[in-house]
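Just the one chain here, laid out as structure tokens, in the form predicted on its own.
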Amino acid sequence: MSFTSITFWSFFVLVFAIYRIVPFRIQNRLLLVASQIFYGWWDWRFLGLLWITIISDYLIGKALHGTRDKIARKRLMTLSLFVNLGILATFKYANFFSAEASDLLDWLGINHSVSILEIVLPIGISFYTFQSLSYVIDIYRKQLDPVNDLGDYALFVSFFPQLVAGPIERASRLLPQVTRPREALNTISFRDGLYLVLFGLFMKLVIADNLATIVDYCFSLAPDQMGRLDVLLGAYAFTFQIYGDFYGYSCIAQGLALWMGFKLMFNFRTPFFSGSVSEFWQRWHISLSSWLRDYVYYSFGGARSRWKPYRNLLVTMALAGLWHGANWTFVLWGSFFGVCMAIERLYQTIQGTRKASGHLWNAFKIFCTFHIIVFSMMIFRSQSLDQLVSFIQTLKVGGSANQNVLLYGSSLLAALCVPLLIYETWQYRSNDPLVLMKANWRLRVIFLLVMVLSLFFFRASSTVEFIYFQF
């Protein structure tokens, strides 16, 4: 049940109509049932895994709060890690590591019978696993008290607007919104929610899905069929496709939640205006990057020594890559960012307090950072390391491109992304993702009208599944 389907919107209208007329406690039960229907729509068998996570972490959280024994607390925390990461490893990485082990044994000339399991990846498993796990870690660190009601905790983990692709909310932020009555829908909440939903649909259906055709073409070319401009076009187009796709989902999730009285975090804040790779990760997929910072980077010691921060950055970002999927290209993608961030840290250490400034210097940093991001997205989108190597070789040696595709693709990219970047310049300068909602009402109406008309006349001919559903 996708946000872009008629089925979902029929489902949401029904749920929302009932939600607005029932008391608070019934609202929570309604949302919990709706969330189970929403998630089970893909495959009802996935609900069993979701509830294993919910029940185990709910019970472990209660047990952690009820004991002061350090050894018992560590065992309970280890149990939560074992359950959550064990499920994640089994369903997301078992086939990958089995295949790698088989290839290694073949290379060593050892006879073997490594079996590949026929496992379907449950949608959203990486998101709800991290959200539930953070709850237990916060209780273990004595930063959070456990919730008393299992139904409320289940709703926190499975709240359907953000269940399958985030943002990954923290218990300290979302649980109080679950356990306390929400404010009635008012004009501002309705207006802001409408903007977020429309903007999210625009980002997904107009920008991301239109670019998907170009991206699929460029990344499907054989090495002897591609030219340098094909590779560049594919890399630029995918950078904006994945941004429109994932940012679009996050905006729709925020808008839907806002209509029901919940405030979800902003997962993106004009990331292409970052002046460094570190800043990029403070603006891109913020819920994941902050999760990794708080629960991985700081767990390794953070920056409390001279050299360990570099190791911690490399390990954390490699894990960020692996979180995205069972492929060496994802690990390389994360490690690439880790190396870049380590170099930035070393440069800042050497430079000390001497910092260049000025508009031209800031523009140069943004330009360089953006192209580092584009190169990283080429790594991310590559199906294998061999394909990535062929792309890099093509960038070095050149080659002829299909001129018709190049003209169409570059024109489409410019037509879609230049206006977007102009609009985001306004957001960046105001440091407010909702700056449009504070503008003159006539300007708001024009923007909303443009988005609606674009959804009618310029949406892609075919809808592509949200990219992050596979993670």
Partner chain sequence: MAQGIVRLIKGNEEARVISVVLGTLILLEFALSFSLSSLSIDHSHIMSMREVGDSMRLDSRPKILVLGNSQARRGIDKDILSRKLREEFGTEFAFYQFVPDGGTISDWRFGWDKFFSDGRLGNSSIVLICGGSGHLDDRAADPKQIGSNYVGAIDLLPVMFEEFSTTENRLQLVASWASLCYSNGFRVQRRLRETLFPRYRLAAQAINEQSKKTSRQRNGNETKEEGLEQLSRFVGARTNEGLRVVVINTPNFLPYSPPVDIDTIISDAGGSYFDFRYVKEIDDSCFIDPYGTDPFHLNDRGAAIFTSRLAQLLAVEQKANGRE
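As the structure is a prediction and not an experimental result, all values here were calculated from the model. Residue numbers count along the first chain shown, from 1.
What comes next is about the form predicted together with its partner chain, which is not displayed.
Only one of 431, 404, 425, 67 comes within 4.5 Å of its partner chain in the predicted bound form by heavy atoms, so just point that one out.
Filtering the options by heavy-atom distance leaves 404.
Using a 4.5 Å heavy atom cut-off, which residue among 371, 191, 345, 283 comes into contact with its partner chain in the predicted bound form?
The residue from 371, 191, 345, 283 that makes the contact is 191.
Name the stretch, out of 26-34, 442-450, 43-51, 59-67, where some heavy atom lies within 4.5 Å of its partner chain in the predicted bound form.
Only one stretch passes the 4.5 Å heavy-atom test: 442-450.
Heavy atom of residue 458 within 4.5 Å of its partner chain in the predicted bound form
Looking in the predicted bound form, residue contacts with its partner chain include residue 458, since a heavy atom lies within 4.5 Å.
I'd like to know whether residue 290 contacts its partner chain in the predicted bound form, with contact meaning heavy atoms within 4.5 angstroms.
Because no heavy atom of residue 290 falls inside 4.5 Å of its partner chain in the predicted bound form, the answer is no.
Looking in the predicted bound form, any heavy atom of residue 435 within 4.5 Å of its partner chain?
Answer no; every heavy atom of residue 435 is more than 4.5 Å from its partner chain in the predicted bound form.
Could you tell me if residue 187 has a non-hydrogen atom within 4.5 Å of its partner chain in the predicted bound form?
Yes.
Note that its partner chain is not shown here; using its position in the predicted bound form, name the residues of 208-233 with a heavy atom within 4.5 Å of it, in sequence order.
Contacting residues: 210, 213, 214, 217, 220, 221, 225.
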